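Presented as structure tokens, the chain that follows is alone, the form predicted alone.
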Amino acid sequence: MPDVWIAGAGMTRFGKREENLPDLVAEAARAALAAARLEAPDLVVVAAMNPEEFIGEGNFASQIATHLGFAHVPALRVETATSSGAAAVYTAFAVVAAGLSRSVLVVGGEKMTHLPTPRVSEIIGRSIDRDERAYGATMPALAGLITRVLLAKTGVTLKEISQVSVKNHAHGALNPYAHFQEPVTLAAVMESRIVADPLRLYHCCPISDGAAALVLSADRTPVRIAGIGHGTDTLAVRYRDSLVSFRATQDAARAAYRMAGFGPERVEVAEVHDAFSPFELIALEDLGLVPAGKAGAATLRGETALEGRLPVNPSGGLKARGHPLAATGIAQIVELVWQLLGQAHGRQVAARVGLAHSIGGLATNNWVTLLERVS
């Protein structure tokens, strides 16, 4: 398979933004195009989870292409719930690898903070099983259920889960693009209000606005996509074989490692999907980055902090950087590109191989992407 390279990366600051979504997407896209020194791509791939509901707009790929001045450039939209950004990268990767285009602009974003929180939660909740929703399930409620099982069956503690939040806020405080840029204490996390028992407020990512973009290219650059994998599972959580691991992540990781020709032992920095802090611990073990049952203790020891053995979420993760849904999977890769190129000022780690992990819905449509600096 021909190599696919990342020629440019860009993103907006995440948080409560006054700009409309097309303008946010344009800001990120222009930054990526400038970094790639590219005037116009051969294709635009747009990720947006639900602009019809969030901002009342449809035919969104054509809208964004036109807004960018690329009305005559082919454009398409990709959606896999909260992993839509990673799915868009996968789509662009496949197009370039197949030789259909030499350069593809991948953009993703969401505008949500203008809506009441219950309305945002209801829209996001449509990505879980209809019958489980009918019985009152929401995304935080199912995450709380999974956390309760994790505590009961694996020996992980609430302190270990809370340290994930502390670490990621510390990282976010160093990231000028992050939604939250102040550290938090372990006591503040563990004493914050209950959202879905045992999850507390500081265990949950915020509602954010923002956008991120990449330019994928057939032409060689310093960073290549070494492997990319996709994994799925049942929409209904009640049909899962396990609630303390995510099969979709495991399958995606196996596929990505197989394509790359190497395993987790070469990963030196990771961006993982911590919409809820316990999900980072689950991901570290599902990805093979930490031995089974050891992620919580490794986090407490500082192994996943910036100065640790394996820095995880140096951007601050979804917890502190923020989670504008379809922007997130792209933003994770943007962060890794900057890390591999030595451009993550103030939070730089030493790495040549990075891993991005994105969850769609309640772990029904997951992605793993491996990046490698080759020069």
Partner chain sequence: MSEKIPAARCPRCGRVVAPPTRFCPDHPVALEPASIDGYGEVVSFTTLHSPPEGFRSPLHIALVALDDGARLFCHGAGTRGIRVGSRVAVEAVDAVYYFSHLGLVERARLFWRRAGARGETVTSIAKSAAKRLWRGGRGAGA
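Small disclaimer: the values here were computed from a predicted structure and weren't measured. Numbering follows the first chain given and starts at 1.
There is another form of this protein, the form predicted in complex with its partner chain, and it is not shown here; the text below is about that form.
Peer 1: Check R77, K111 and G329: does every one of them have a heavy atom within 4.5 Å of its partner chain in the model of the complex?
Peer 2: Checked in the model of the complex: no contact with its partner chain for any of the three.
Peer 1: Spot the stretch among 191-199, 253-261, 90-98, 272-280 with residues whose non-hydrogen atoms come within 4.5 Å of its partner chain in the model of the complex.
Peer 2: Among the listed stretches, the partner-contacting one is 191-199.
Peer 1: Is E182 one of the residues lying within 4.5 Å of its partner chain in the model of the complex, judged by heavy atom distances?
Peer 2: No - in the model of the complex, heavy atoms of E182 and its partner chain never come within 4.5 Å of each other.
Peer 1: Taking heavy atoms only, is T138 within 4.5 angstroms of its partner chain in the model of the complex?
Peer 2: T138 belongs to the contact set for its partner chain.
Peer 1: May I ask you to state whether L174 is within 4.5 Å of its partner chain in the model of the complex, using heavy atom distances?
Peer 2: No, L174 is distant from the partner.
Peer 1: Decide whether A71 counts as a contact residue for its partner chain in the model of the complex under a heavy atom distance cut-off of 4.5 Å.
Peer 2: No, A71 is distant from the partner.
Peer 1: Here the chain is shown alone; which of V156, V166, L142, L289 has a heavy atom within 4.5 Å of its partner chain in the model of the complex?
Peer 2: Flagged contact: L142.
Peer 1: Please identify the residue among V120, A297, L243, V267 with any heavy atom within 4.5 Å of its partner chain in the model of the complex.
Peer 2: Of the listed residues, the single hit is L243.
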